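Okay, here we've got a single chain as structure tokens, the form predicted alone, with questions on binding and movement later.
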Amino acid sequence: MRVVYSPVHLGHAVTMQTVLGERVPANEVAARAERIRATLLADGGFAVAEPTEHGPGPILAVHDAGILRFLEEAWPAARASGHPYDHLTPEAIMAAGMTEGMAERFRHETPAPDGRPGYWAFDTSTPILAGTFAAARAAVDTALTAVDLVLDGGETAAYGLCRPPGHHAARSMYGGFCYLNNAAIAAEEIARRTGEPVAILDVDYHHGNGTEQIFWRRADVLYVSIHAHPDRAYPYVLGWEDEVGEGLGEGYTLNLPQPAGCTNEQFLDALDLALYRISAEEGSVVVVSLGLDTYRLDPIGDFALTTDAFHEAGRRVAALGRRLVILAEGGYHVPSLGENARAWLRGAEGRPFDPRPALDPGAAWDAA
């Protein structure tokens, strides 16, 4: 399988994040992508290539021009204004109640560099740093190059090692460690170039609220998500079972939230339901938002999946017989990330489950 990877992500050098008002060590760190890349290279069955540039057009087909402009300007403007920190996060967030009962034109975007993030962000855990915008653009190009390999390169599947991830980013909003929605941009590009419907299968522990919102009223992109129930897990506001889409998109969103302690069997049963729904639609390409934070040791998840379940999940998805654009999302137990990604991708290729020791002796990894 071809793997698309960009070293530009290293410039998004997050070390800390804000959680419930506290500054804590970051979960979404560069070591995540580096561990996956190293493990796939060690496997010997994956060829790694850098992405090609695709310009802003595919991004603007999905995102509001204002958020792209903000992400590009935010850090230089903050530094020029004398911003004293090495990161930029919201101080005040534009909550719906702030302008309740007022016309839309009173939702002003302040020119103040320290105030602008709150107009576009929905949490405080997604800092902007000097290298963030370049990394987010490279992640988009990584996703689109994976699309190119499948649509033009004859690949039945390609893996985009996107960092930062994307599925929490909505049309005009960033958050959840996500700045631009890689999967949504890829799906839009596939729909435009093929003229076919596209399915997005999101298997990240957290619901992809941004992807759901972007395609909420559309029937040409089916969004199916297996995730932790929002009655206990981020992003809380979206991901509930009654969210099915509206207008033309009614019936084209399927949420399958799972309980705490979700086992291999429970997850694979939900995956079968998801794949059954996808099989009912036309289209030759599925975009997979491949989160690995469903693993049993993930520090911000509570599922119980083991490495062999990732291999079986990849096998079942590939058994649909459709071409796959597989894009990295979450997964924060760094020692296991490489082997879990490798297992999923080997399953999708039809290669056997081949557990190997982790890359360092302190890594916790299992096959049972």
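As the structure is a computational prediction, the values presented were derived from the model and not from experiment. When you see a residue number, it is the position in the sequence shown, counting from 1.
Below, we turn to the form predicted together with another copy of the chain, even though it does not appear here.
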Suppose contact means a heavy atom within 4.5 Å; in the predicted bound form, does that hold for all of A103, P111 and V237 with another copy of the chain? yes
Partner contact check in the predicted bound form: of 286-294, 189-197, 151-159, 210-218, the stretch with a heavy atom within 4.5 Å of another copy of the chain is 210-218
request  = Report whether the minimum heavy atom distance between D272 and another copy of the chain in the predicted bound form is within 4.5 Å.
outcome  = no
### Task
Report whether the minimum heavy atom distance between G97 and another copy of the chain in the predicted bound form is within 4.5 Å.
yes
Report whether the minimum heavy atom distance between F133 and another copy of the chain in the predicted bound form is within 4.5 Å.
no
Using the partner position in the predicted bound form, report whether E282 sits within 4.5 Å of another copy of the chain, counting heavy atoms only.
no
Note: exactly one of I93, A260, L268, L248 sits with a heavy atom within 4.5 Å of another copy of the chain in the predicted bound form, namely I93
Near another copy of the chain in the predicted bound form, with a heavy atom at 4.5 Å or closer, the residues from 13-50 are T18, V19, L20, G21, E22, R23, V24
